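Before any questions on how it binds or moves, here is one chain, the form predicted alone, in structure tokens.
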């Protein structure tokens, strides 16, 4: 589908009130794209509301206007809703559901290959490394100059989703965008330190509980985080605190997955894979989405039932192909 810059610009220009939402259990790209875009649109004189279920994780509170994000959306009407960094409607949670029901038009801005193309106007670029990269391109199209605070938010998403520019989808164009954001005042070293190299003691305690559950079977390494673990660690945000990234570094495994029990008794999956595999197909089949090597979904519990359902699917992907002499890989 052709990216609809003109239609998106027209929608923003004619809207007096705008709602921006992102996906549940938000990461740096979700929060960075939401606040970067919101701050830019406020600079253009727009009335902007930002919302995500549960609010902003504390690690991103340094971003401008993080304190204005609504954690529970229950009132309001908008001319335009913009969904950022969410591949499907369910990922936007209750805030997204309310927003779609009370907005005249919806822009879908996302970089996931599994995007379902919900909404009315599409700014979907699957080759972009982050949603914040797409927002940078959009601001160029408007055009709108980069302020320092907008650049900081956009760089936060770029750093988070590329793990400090170390993922396989980083291209020369990615580094060019980073250069432009630095020129606008985004301190790269400080952002990397804040979002990749700093964590509260509660995160380490959560790892302590999760690592006790680690299992390796058929090239898939897994761990479990229960609500009891979350409470014991004193972690406010429902997150694996980066545990899936640690598991994905295991050389004996091709796929890593963390099963996280939600307060409602469902199970949130964080899945990572080594380059060359495609776990997005499993995530989509389970009602989620994501990228080939980084995906997720939320499914029914309990934990053991979720493991019994998911692990065989991932193990099938991790299983090496059979090779016969004289034959192609099968």
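Numbering follows the first chain given and starts at 1. None of the values given here were measured: they were computed from a predicted structure.
The protein also exists as the form predicted in complex with guanosine-5'-monophosphate (5GP); that form is not presented, and the subsequent description refers to it.
Heavy atoms within 4.5 Å of guanosine-5'-monophosphate (5GP) in the predicted bound form are found in one stretch of 293 to 301, 47 to 55, 34 to 42, 60 to 68, which is 293 to 301. Mapping the unseen interface onto this chain, residue 149 falls outside it, with no heavy atom inside 4.5 Å of guanosine-5'-monophosphate (5GP) in the predicted bound form.
Contact annotation for residue 83: none of its heavy atoms lies within 4.5 Å of guanosine-5'-monophosphate (5GP) in the predicted bound form.
For the chain shown alone, residue 87 is a contact residue for guanosine-5'-monophosphate (5GP) in the predicted bound form, at least one non-hydrogen atom being within 4.5 angstroms. Within 4.5 Å of any heavy atom of guanosine-5'-monophosphate (5GP) in the predicted bound form lies no heavy atom of residue 194. Contacts between 108 to 132 and guanosine-5'-monophosphate (5GP), taken as any heavy atom within 4.5 Å in the predicted bound form, involve only 112.
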